[in-house]
Ligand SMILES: NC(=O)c1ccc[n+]([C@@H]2O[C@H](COP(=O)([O-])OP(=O)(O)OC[C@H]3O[C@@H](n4cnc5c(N)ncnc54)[C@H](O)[C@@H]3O)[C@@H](O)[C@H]2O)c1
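The data below hold one chain only, encoded as structure tokens and taken in the form predicted alone.
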Amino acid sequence: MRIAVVGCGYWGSKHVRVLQALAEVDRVVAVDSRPDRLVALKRAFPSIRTAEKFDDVLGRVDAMVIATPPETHATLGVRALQAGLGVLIEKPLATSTLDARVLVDTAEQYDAVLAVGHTFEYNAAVWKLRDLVDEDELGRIHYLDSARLNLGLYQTDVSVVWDLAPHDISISNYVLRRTPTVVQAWGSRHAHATLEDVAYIRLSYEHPDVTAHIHVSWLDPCKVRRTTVVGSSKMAVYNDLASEERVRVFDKGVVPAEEASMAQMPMSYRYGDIQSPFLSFEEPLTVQDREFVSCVQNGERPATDGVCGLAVVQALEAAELSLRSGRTVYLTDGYGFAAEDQVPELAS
């Protein structure tokens, strides 16, 4: 396997580190227009090769990781897929539903592997959250709540929604095994003139009805990476910053009042044990890149394929539309949108 990593910034350099250590990979080529990045990577990993242009490696590798700015993902991805390469594109897959759909269609047309960098879907803690939901350990799921906060890093080309929310949307979709049908978003600009640096997103899922609330911010004094799943029986909290006990299951909840005494408050509360299940943890990026290499070698479909990436882009674009219009956005057919006054039967 010969793999090129195009774009060697924050995520691209991580892919170079992981891929050059995989036994299945014979050669890693780091591609970036900034020579200083290539020099630093070559110094850290002497066995890699370097190039400054996308076209220099297009016909000389078997697969490609694209970690360039999001607005270039679709153009570069389509060219790589048309060349017959297996392609992994960092999140978000594209900056519009239309471009994401073109990538998915191109991969199908050329029978090429297309993956998206939803790294948290390869995280053992997120796997455990889905197991808890699948096994009804938490009871009927009421809602999910995610917070991804920090002071920076500000981006120059995308808002905090497109930068941070892809992680939490993909986690929600993965844990619930479905995609949202209704999206609402609120945001504000404080330290940036044109891009939101704080945002709140609400995703509504059907069958059964579950809501996911997502809070993302570049302007918060505390670094937070937390997902909470609240069920009728138990609650689970995944804290990605915890060195131990990344998932904790709380046997607590509210006991509904009897019909005869529903007017009486407060309700009774149930408190039980707190458990932390064992997690066999491996770096998610390593798990993801190893799967990608295997899928390219064997012609298999990745767990985070293009369709998975398309669903997240669709939710992101709907959130952007909601931010701009101040309205609820309905995802009508898997790829399109409808304003709330176009579907009054859903407005209630």
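Numbering starts at 1 and runs along the sequence shown. Everything numeric here is computed off the predicted structure, so don't read it as measured data.
This next part talks about the form predicted together with this ligand, which is not shown.
Annotated contact segment (heavy atom within 4.5 Å of this ligand in the model of the complex): 70-78, selected among 70-78, 183-191, 227-235, 202-210. Residue in contact with this ligand in the model of the complex (any heavy atom within 4.5 Å), chosen from T119, S170, S217, S159: T119. For the three residues W11, S33 and K91, a heavy atom within 4.5 Å of this ligand turns up in the model of the complex in every case. Heavy atoms of I3 never reach within 4.5 Å of this ligand in the model of the complex, leaving it off the interface. Although the partner is absent here, R37 is a contact residue: one of its heavy atoms lies within 4.5 angstroms of this ligand in the model of the complex.
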